[in-house]
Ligand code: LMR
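The chain below stands alone, shown as structure tokens; this is the form predicted on its own.
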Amino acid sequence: MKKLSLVIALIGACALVPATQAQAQGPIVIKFSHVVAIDTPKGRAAEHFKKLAEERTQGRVKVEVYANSALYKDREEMEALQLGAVQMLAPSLAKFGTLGVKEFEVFDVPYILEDYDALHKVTEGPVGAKLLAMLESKGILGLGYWDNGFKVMSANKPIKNPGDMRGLKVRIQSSKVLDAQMRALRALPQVMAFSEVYQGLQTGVVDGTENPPSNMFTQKMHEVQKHVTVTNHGYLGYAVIVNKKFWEGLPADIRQALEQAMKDTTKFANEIAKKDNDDALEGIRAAGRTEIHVPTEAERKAWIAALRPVHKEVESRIGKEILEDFYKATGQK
């Protein structure tokens, strides 16, 4: 890890040449790294931003998109951004807990968001802005939120009820809230990089996952998972972030054009997310390898009852204030 940090630091030292100086030598390069496939909501949004950014700056900016962990894995990309080896990321919101901004783990709390309407009351309002502002002390600026979707549970055995999760080794992102969620179900949480999940499922290192359907389908996880239950128990989304020093060093007109491109891309990303996940679920069903179960109303209530205590359990970690902010914004309390 020390060797990796040194390499990233050396790359970053070159990458953080003042933008005005770099401009004289050629286009300003924005390296945009992410860990999912190009044909996911995030992957498509990254390509859309590249197109708009390059068009609207008339070639003065070149956006290089690196998908599928081509540059960095989950655990590496945030450090790379802070050191300037990449300029832009769209990490899942769970990643900010390990950065020291634990409040972002509120997005991992199960059944705290009912649907996309409730979600957007948070991400497009003052609560979302408040969270992004917390990143500045880490040398990071948050530009917006991109949706992916609500998560399903998968395994190689039927998981219709919460009790069916008992004893399963389930891959999670590195999040104390997700850890608490799985333990509430008597499952065994296993932190694993996203790029390693397919092999982990294939070899039995893990038994199951929680993912939006688009991530599951594009990574072909359904090929090694026999059962999916559409629990919609949690949300997976992203914050688009940039290296603060790099962004503030851009010429004002360039930065303004990029901010508008990001605003328009965010609208695009959040419009396609639900359809992409609906289509992915149908793709999993059509592949014929995985049985999809939609919980009955009684089963859904059982999942909520099993996971609702996690809210109180993680209150001291996330902060009561941010939980209350969510409840008020979404009308839960």
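Start at 1 and count along the sequence shown; that's the residue number. This structure is a prediction, so every number in the text was calculated from the model and none was measured.
What comes next is about the form predicted in complex with (2S)-2-hydroxybutanedioic acid (LMR), which is not displayed.
The listed set I28, A273, A45, V35 contains one residue whose heavy atoms approach (2S)-2-hydroxybutanedioic acid (LMR) in the predicted complex to within 4.5 Å, identified as V35. Of the residues L236, I112, L250, I241, just one reaches (2S)-2-hydroxybutanedioic acid (LMR) in the predicted complex with a heavy atom at 4.5 Å or closer; this is L236.
Looking at D74, you'd find a heavy atom of it within 4.5 angstroms of (2S)-2-hydroxybutanedioic acid (LMR) in the predicted complex. For R171, a non-hydrogen atom is located within 4.5 Å of (2S)-2-hydroxybutanedioic acid (LMR) in the predicted complex, even though that partner is not displayed. Among heavy atoms of H222, none comes within 4.5 Å of (2S)-2-hydroxybutanedioic acid (LMR) in the predicted complex. In the predicted complex, (2S)-2-hydroxybutanedioic acid (LMR) stays beyond 4.5 Å of every heavy atom belonging to Y198. Only one segment in the set 139-147, 225-233, 104-112, 211-219 has any non-hydrogen atom within 4.5 angstroms of (2S)-2-hydroxybutanedioic acid (LMR) in the predicted complex, and it is 211-219.
Along 80-116, these residues reach a heavy atom to within 4.5 Å of (2S)-2-hydroxybutanedioic acid (LMR) in the predicted complex: S92, K95.
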